[in-house]
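Before any questions on how it binds or moves, here is one chain, the form predicted on its own, in structure tokens.
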């Protein structure tokens, strides 16, 4: 079986764009449904993608989310331009957050974004450079 993508699409996300926050993950959910992916897999992908998208809106200047679907898996890559994550290990701990008071007042910043992504993806790789940005690569098997 080929590992070539049967579907690929990119989405641009802007930091601090709360009006459009969540649109990419909602679109990805609809695409996966249309392709015929199982609902349980769609749910996991939608949660992981939403958490990543919100991290961009909350903490980065902009990002590209790329969805690739192969016969074996769903791959989601999020590459942002932002401040980066100084300590990825610490950021992966549930409850750890660098959210400002403003972000917390909006109901975000509970420190569960990255842990929720990890819990819903079969694999998660994080590469971050302080002052440049962060790249998340996640995969969910079909």
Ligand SMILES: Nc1ncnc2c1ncn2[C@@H]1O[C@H](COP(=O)(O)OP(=O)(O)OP(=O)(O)O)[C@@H](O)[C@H]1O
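Positions refer to the first chain, counted from 1. For clarity, every value in this text was computed on a predicted model and none was experimentally measured.
The protein also exists as the form predicted together with this ligand; that form is not presented, and the subsequent description refers to it.
Comparing 24-32, 38-46, 64-72, 94-102 against this ligand in the model of the complex, the single stretch with non-hydrogen atoms within 4.5 angstroms of it is 94-102. Heavy atoms of residue 76 never reach within 4.5 Å of this ligand in the model of the complex, leaving it off the interface. Residues 115, 134 of 115-137 are found to place at least one heavy atom within 4.5 Å of this ligand in the model of the complex.
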